[in-house]
Structures are given as C-alpha cells and as structure tokens.
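As structure tokens, one chain now follows by itself in the form predicted on its own.
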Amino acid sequence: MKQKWMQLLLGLSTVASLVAPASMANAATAPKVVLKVLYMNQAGYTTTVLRQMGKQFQKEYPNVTIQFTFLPYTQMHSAVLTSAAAPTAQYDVVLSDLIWTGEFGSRGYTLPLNSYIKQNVKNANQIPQSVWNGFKVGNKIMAMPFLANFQNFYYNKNLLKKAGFNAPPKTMTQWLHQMKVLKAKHIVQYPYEDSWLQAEGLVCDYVRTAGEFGNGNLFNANGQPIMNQGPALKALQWMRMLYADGLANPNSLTADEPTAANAFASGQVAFNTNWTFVTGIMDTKSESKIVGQGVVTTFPVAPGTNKATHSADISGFQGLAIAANTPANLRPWAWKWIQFATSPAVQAQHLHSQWPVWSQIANSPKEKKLNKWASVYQQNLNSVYNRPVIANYLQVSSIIQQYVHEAIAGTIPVKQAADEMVQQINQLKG
C-alpha cells in the first residue's frame, strides 16, 4: 500500500511538471518573473506553510520569485477590490473565499479558469462537486479549490454517558431530547454552545441548521430569498428555542468560533458544532480538559431529510484566483503557481495543516493514519451546503446576520424577523 501511495505522488508530480507552456520549459534561462500573491494570515494554511510552498516552487522555477502579502481575513476583500481597480493588478494571484465568488465573477475582478483547468487538471473529478460548486458562476469556474474547510458535530461521550446515552443523536428530535436530559439531570447547565456573534459565522450556522431541516439553500431556483418558509424558517425557530429554553449557552450570542470551541474543550458543554480546528484542540492537553472524551461525528438531521448523506453541513472553502488585470505575460505563471499550490502532490505534504480538496488524498492511508476521524470528515464534506453565490453577497449576509441575531435573542418574533429579512434582501435587488 505504501509503495502504491508513493507511486501516486510521483505520478502526480510528473504530471505537474509537464503542464508548463513550452516557453517555460527551461525556467533557468527564462525571463525573471515576480509573482505577487495575496493570502490571509488568520486561518487556512499558515504563512509558514505558504512560504514553504513558495520555496518549493522557486526551486523548480528559479526565474520566478513569489512575493507574498499576508493580511487578516477582514482586510482581504477590500484589498482585492483595490487591486482590481488599479490599472495593473497589485496582486496577481488572490485568495478567493467562496462567498466572494459571485461578486468577483459577475463583476470581472478575477478570470475564469475553465480553459486552464480543462487543459491541465486531468483528474478534476477527484475534487468533490460540492467543492467545485463553491467557485462557479454559471458555467464559469472562478477559482481553483485550495482548501476544503467545513464543520463537524462534536460531542463529549463522558457527559452523554452520565445522562444515560451511549450514542450521539442522529435526528434533531434525538438531539433535543439529549440536551433536555443533560440539563434536567444538572450534568451541565447548558448542553450546547455555538458561535452566534453577529458576524459571518452566524450565517454559516444558520445555513447549516436549515440544511439539517432538509435544505440549506436560502434562495430558490429563481434567485428569490426563502428565509421565511420551509427549512430556513424551521432553522430560525430551532435556534430561538435552544436559546429561550436554556439549552444553548446565552454566551453564544457573543461567542465566535474559538470561544465556542474553548467552552467545549473545557467540559462546560456537551455539544459543539464547529470547524475542523476543534479536533486538534479537544485532544491537546495544554488546551483541553476533555482529552479522550471528545468525539467527531455527523450532524443530526430531521427525519426523512438528507437521505443520501445522513448529515448536513456548511462549507468554508477557499480557492486561488487570477486577478483580471494581471498582465497577460504573467497569467501563465499565475496559473502555474495555482496549479502547483493546489496539486495533490503538494497538499499531501501538508495534511497536518488542512483537509485536502482531493478525494484520493483525503481517502489515503496517510490521511487516515494522521486523522482517525477521516471517514467522518469525508461524510460531512459530502453533505455541505454552500452559502449563496450572488454578486451582492456581503450586503445580503449583513442583513441575515442582523435578523437571525435578533430572532435568536427574541428582540423580534421569529416569523417577523424572517419576513423582514426577505423584504430587506428583495429591496437590495431592486
């Protein structure tokens, strides 16, 4: 098995070395190139890992210098827009969060990559369709998938055992029952904590919860918002109920993802729904009081829903894109860097950092050895819903954050909040 794995990596490396245009074949004598790359220093691959990738690339192509700029996530979007407005791109390759796909694609800030991918990525079917969908505008692929972040359902098996449960909940009804028993028996004051701060993370949790009730799409096929009906409305009612009944920690309304993760790792709560980073925290002695007690599993769903996946999740995918105003002579190099950084061979070297976008790497013996929850990860990845791919997503997200937060807190009745949310979004479209 190990020999087959090495053969796979060698084969992929060989393919990667053959995709350069003829003019790049002898990079040592090629013209000097400076490629400006924008990435964040907050989440995703670390700056150390990116610089390691850059050094590897420059060894293969000595004429190319990768010039990184690292910014906090909150500054990334405006930096891309500033670069897009300049006569020549300030950044040739940019991080493209999937929530920016609609805007960047429809407004021409980044280039479609279809032709590059068709010509050079022969194993594209090894990236799950749910990941590709996060970077599509119509039939145009606006970024090459780079990072497959998503959430997991975490529970404390010791606390559940004290409450009389030997298995995690598989349905929303079971989950509600387990939380009520945990609270009634005073095993924990609040069985659950989530990151419901009025920020983008709240939209993620809202979409995922709607998915748990059967459909995490907040817009219908005609592009109309549907938060005031069906699963999206049920999700809002559910979140409000957990808060009102004291099943969710009231701190959730001001908690971000690390805060909620720390509550779980401290043993204060039995359940946490959060991104993959929690897996590392819960079993690290310096950060956790529940080492060996935390379990990663799939999400409970409403009976009769999500039959294909038996879970419902939310994506947090990242892609790499070429700025539309990158000079023509740099575009082949920009793509070359993107293909290198996102390749299976390179991602296989950094499995300790992030979950790979490639199925053959995710399912490899190496990944399974590093991550005992690998099969659960893959199941949750296969069940993700994406946030809306629309040009005015940031405005829409701001409205969702406001009304979901107020509905949970009870400052506005749930149905009224949902109706006003839809009305405000429709007015944006007008």
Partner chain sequence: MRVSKLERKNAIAGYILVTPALLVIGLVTIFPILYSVWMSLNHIQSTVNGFQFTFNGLTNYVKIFNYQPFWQALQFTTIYAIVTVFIELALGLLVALALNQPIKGRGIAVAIMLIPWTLITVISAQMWHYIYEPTFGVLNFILMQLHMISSPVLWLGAPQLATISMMVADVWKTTPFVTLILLSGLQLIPADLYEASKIDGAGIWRSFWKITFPLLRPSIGLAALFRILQAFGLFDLPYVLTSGGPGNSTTPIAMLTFQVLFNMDKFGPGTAMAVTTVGIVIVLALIFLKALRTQVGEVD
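A quick note: this is a predicted structure, and the numbers were derived from the prediction, not measured. Numbering follows the first chain given and starts at 1.
A second form of this protein, the form predicted together with its partner chain, is not displayed here; the remarks below concern that form.
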Subject >> Proximity of L394 to its partner chain in the model of the complex, heavy atoms at 4.5 Å >> reply: yes
**OP:** May I ask you to state whether L160 is within 4.5 Å of its partner chain in the model of the complex, using heavy atom distances?
**Re:** no
Original post:
Does Y109 reach its partner chain in the model of the complex if we count a contact as any heavy atom within 4.5 Å?
Top reply: yes
**OP:** Evaluate L147 for contact with its partner chain in the model of the complex, applying a 4.5 angstroms cut-off between non-hydrogen atoms, and reply yes or no.
**Re:** no
**OP:** Decide if the three candidate residues L253, S266 and H405 all line its partner chain in the model of the complex, where lining means a heavy atom within 4.5 Å.
**Re:** yes
Original post:
Pick from 118-126, 339-347, 324-332, 132-140: which stretch has a heavy atom within 4.5 Å of its partner chain in the model of the complex?
Top reply: 324-332
Original post:
What is the one choice in V291, A244, A85, A184 with a heavy atom within 4.5 Å of its partner chain in the model of the complex?
Top reply: A85
Original post:
Taking its partner chain in the model of the complex as the reference, which of Q229, T305, N262, S359 has a non-hydrogen atom within 4.5 Å?
Top reply: N262
